[in-house]
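Take a look at this one chain, the form predicted alone, written out in structure tokens.
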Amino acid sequence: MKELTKGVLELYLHIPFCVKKCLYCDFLSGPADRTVMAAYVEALKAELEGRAEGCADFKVTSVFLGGGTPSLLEGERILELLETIKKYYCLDPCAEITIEANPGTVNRQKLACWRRAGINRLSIGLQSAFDEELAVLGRIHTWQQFLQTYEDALSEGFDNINIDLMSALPGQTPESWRASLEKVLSLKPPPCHISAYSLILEEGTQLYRLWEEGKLELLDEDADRLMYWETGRILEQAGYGRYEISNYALAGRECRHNCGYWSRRDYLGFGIGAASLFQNVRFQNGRSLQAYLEHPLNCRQEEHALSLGEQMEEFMFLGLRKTEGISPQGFQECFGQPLEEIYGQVIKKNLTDGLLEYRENGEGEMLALTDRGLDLSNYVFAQFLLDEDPA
């Protein structure tokens, strides 16, 4: 492997399989038998090997296995994927390596295998601490199964664990949401990281159809916002810092992989539907499982070289997701033009409206969303789209 000369790289591996589709899920995922899963792992290995030559000068600093339900695969299959990465890529010895895991699909044997593979971070999809709310979502597990998974993970030596939670569920109340948070915080030891998202009703999902048929009542926006601010209050009191709109971590336990997305770090996605950003080119793999199994190296679609203006837009609306905000100095270093020269009017308007503010973070001045700006983040982000490419 050549000595690092160009920079760092992140890898994402999409595992599109699950026991059954959750009612709210619009991800590229679904059930499959063991034969198909094994064939898919072989195709992933082939794609990893085939793309490696163009990455010889890059050091891989994080790997993320997402889905779907990656924990549905046999432990040995996960081990094979990580061994392939170690063989063909320059994997940093201190790389963050995450796997998404759902209770009901995890056992001690898999956890031990993941540890041997080098996985050092788990992201467990809990969503709610109450079985009746889990049933509304179509989840396959219970709170007790989650507890078993969590305890097994700790026993196998995992000490960097994220828990996914979901608010604004049908029938959920601010009280039950608060209780879910408190039950998670009462774990011994508590998780290092919590991702807390509001339910988004996506067209084409089973929940969406139930809502269209009048069989499902959604929470109103005021209740959703109340839960969001309760989340911040409760978690911050418990020692978690909000470092992104929906993500909270104990000091030093932020998800390095996701921070890379928001900082526009180069990343490559492998598997069906996986997206990539590499040297300011965005592209995506096709969504056909059969086509991928037959020709995993001929699946790239929608390749688009980003213009200077598009790079600036992404720098702003991805960077502003982070609560620390974006660095005006970093913008100028990246693009060779002052931030105010490109976005002066937009920034002035949002400062006046109380949606953005300048802060000192010890390393310089940062531009960040205010508390009110967090509530209206999509409105703010849309204003950073440029009418024409800068000269």
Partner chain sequence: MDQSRIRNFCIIAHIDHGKSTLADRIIEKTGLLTSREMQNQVLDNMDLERERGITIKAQTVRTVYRAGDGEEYIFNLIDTPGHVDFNYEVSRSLAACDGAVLVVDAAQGIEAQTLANVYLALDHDLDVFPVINKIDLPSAEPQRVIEEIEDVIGLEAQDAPLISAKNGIGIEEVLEQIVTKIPAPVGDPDAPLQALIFDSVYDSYKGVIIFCRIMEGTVKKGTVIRLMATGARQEVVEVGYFGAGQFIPCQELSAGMVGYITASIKNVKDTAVGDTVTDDKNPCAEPLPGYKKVQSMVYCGLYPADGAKYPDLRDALEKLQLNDASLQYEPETSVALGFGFRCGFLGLLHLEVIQERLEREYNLDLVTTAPGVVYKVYKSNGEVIELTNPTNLPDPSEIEHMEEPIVTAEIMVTSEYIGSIMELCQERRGRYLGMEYIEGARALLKYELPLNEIIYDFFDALKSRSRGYASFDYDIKGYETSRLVKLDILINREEVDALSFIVHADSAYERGRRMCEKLKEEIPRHLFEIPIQAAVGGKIIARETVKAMRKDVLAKCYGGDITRKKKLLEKQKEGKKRMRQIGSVEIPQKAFMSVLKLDDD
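Residue numbers count along the first chain shown, from 1. Since the structure is predicted, the reported quantities are computational estimates derived from the model, not experimental observations.
The form predicted together with the partner chain exists for this protein as well; it is not shown, and the discussion that follows is about that form.
One stretch from 134-142, 79-87, 316-324, 290-298 that, in the model of the complex, holds residues within 4.5 Å of the partner chain by heavy atom: Going through the listed ranges, the match is 316-324.
Heavy atom of residue 208 within 4.5 Å of the partner chain in the model of the complex: No, no contact at 4.5 Å.
4.5 Å heavy atom contact, residue 217 and the partner chain in the model of the complex: Residue 217: no contact with the partner chain in the model of the complex.
Close approach of residue 116 to the partner chain in the model of the complex, 4.5 Å, heavy atom: Residue 116 lies outside the contact set for the partner chain.
Heavy atom of residue 245 within 4.5 Å of the partner chain in the model of the complex: Residue 245: contacts the partner chain in the model of the complex.
The unique member of 175, 221, 212, 303 whose heavy atoms fall within 4.5 Å of the partner chain in the model of the complex: It is 221 that has a heavy atom within 4.5 Å of the partner.
Among the candidates 267, 158, 150, 130, the residue which, in the model of the complex, approaches the partner chain to within 4.5 Å (heavy atoms): Here the answer is residue option 267.
Site check 225, 282 and 385: each within 4.5 Å of the partner chain in the model of the complex by heavy atom: Per the other structure, all of 225, 282 and 385 touch the partner chain.
Within 254-278, the residues that have a heavy atom no more than 4.5 Å from the partner chain in the model of the complex: Result: 258, 261, 262, 267, 275.
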